[in-house]
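Next up: the same protein chain in two forms, each one alone, written as structure tokens (structure 1, then structure 2).
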Structure 1
Amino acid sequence: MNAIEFEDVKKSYGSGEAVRGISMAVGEGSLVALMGASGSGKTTMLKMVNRLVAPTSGKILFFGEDTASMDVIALRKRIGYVLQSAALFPHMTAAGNISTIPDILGWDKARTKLRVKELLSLMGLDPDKFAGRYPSQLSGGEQQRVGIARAMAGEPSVLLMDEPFGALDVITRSRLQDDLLSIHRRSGTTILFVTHDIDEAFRMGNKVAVMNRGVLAQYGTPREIVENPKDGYVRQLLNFLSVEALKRAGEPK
């Protein structure tokens, strides 16, 4: 079954076309990396899934159901969303931020507390030190990690992540990439992961979707893309792929 299906989805803002007729399916339990240059429409794609943005035309199916006819709150409760900027709630502590979705879902206090601790540790943030801190007492990277924990707290069936590792140093970034991969393998959560870093896209994605100015230039496994780049844009991109990532892409996953 597909967790998400885009069917000829278009989105225009006034006269500008951000997404120009994209069809692609994200299989349940897969991790799809959505990559493309700045302004290519990646964030717009994510926001159409949780209906923060309505497509101009086309359909988006969530586990086979047309999202347009779903109850928007019920839909959003099943989707975790990590914003490009952390966008934490400034009046709540890190723990408070992470508890928001469990609270909305009506979890009991003990379960929420446990989950908060577990997620903070998972993000490499010592719960004793960070749980009580307010967003403005956290560094950019720490905020971003709390944002990721917040999105995962309710154990959503789909996780939308918009450049979640953008503000992190290479070491933390690489560690969190590994952690996300192992969380993904363990939990079976479907992840749609936006990045503009080709190495990250090829490292993380079971499949990689390359966007170019609102169009899907290619969609396939890293191996398919490396072995058979579809057009000049993808070929040009591959020039920037590191040797290790290239080698890894060649091996079957």
Structure 2
Amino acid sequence: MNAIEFEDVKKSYGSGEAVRGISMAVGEGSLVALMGASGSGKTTMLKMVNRLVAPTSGKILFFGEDTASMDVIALRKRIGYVLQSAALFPHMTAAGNISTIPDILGWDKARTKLRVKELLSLMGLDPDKFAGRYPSQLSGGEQQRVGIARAMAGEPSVLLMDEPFGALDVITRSRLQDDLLSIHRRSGTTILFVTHDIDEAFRMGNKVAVMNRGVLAQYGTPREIVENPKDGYVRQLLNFLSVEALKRAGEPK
């Protein structure tokens, strides 16, 4: 089953079209990387899924249901959202931040406490050490781990990630990429992952959607894109792919 389907989706602003007639499907349990330069429409695509932005035309289906006809609160309860900045609540501990959505959902305290412990452990953070720490007491990488845990706390069907590692140093970024891939394998959560970094897109995505000025230039597995680039823009992008990423693209995921 497809978790998300875009059907001829367009988004226009006064200055022009941000997204121009995109159709693509995100399979349940997959990790799809949306990549492209600034202004290519990738973040707009992400925001249309949870209705932070409304499409001008076309449909977005969420597990087969038109999002336009869904209650927006009910929709967002099924979607986790991670920003480039962890955007943690500074007055709350790590445990308090992670508990936010379970509290909104009305979970009992025992279930929430267990979920917090489970997610901190999943993120490689010792619950006994980190549950009571405030964001100011955490490194950038630790804050982002807590931010991902918070987004996953309500057991969402889909996780939207908008350049979640873009503000981190190279070493921390690489570690978190590995951790997210491991978490994805274990959790099976559907992830739509926005990045402007082609190496990151090819490393993370089971499939990669290459965006160019609001148009879907190509959508396929990293191997398919490397072996059969659809146009000059995609071929040009591949020139910036590292040797390591190129090698990985040829390996089945």
Ligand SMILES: Nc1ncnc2c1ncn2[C@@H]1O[C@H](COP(=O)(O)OP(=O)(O)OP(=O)(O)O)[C@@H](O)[C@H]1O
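Rigid core here is just the name for the largest C-alpha set that superposes within 1.5 Å across the two forms. In this text, all values refer to a predicted model and were calculated from it rather than measured experimentally. Reference numbering: structure 1, starting with residue 1.
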I need to confirm something. Of structure 1 and structure 2, which is the form predicted together with the ligand?
1
Using the two-rigid-part description of the chain between structures 1 and 2, establish whether His91 and Pro164 are assigned together.
no
Two rigid parts, two forms: what's the rotation of the smaller one against the larger between structures 1 and 2, in °?
15
Keeping the rigid core fixed, what distance in angstrom separates the two C-alpha positions of Thr112 between structures 1 and 2?
2.7
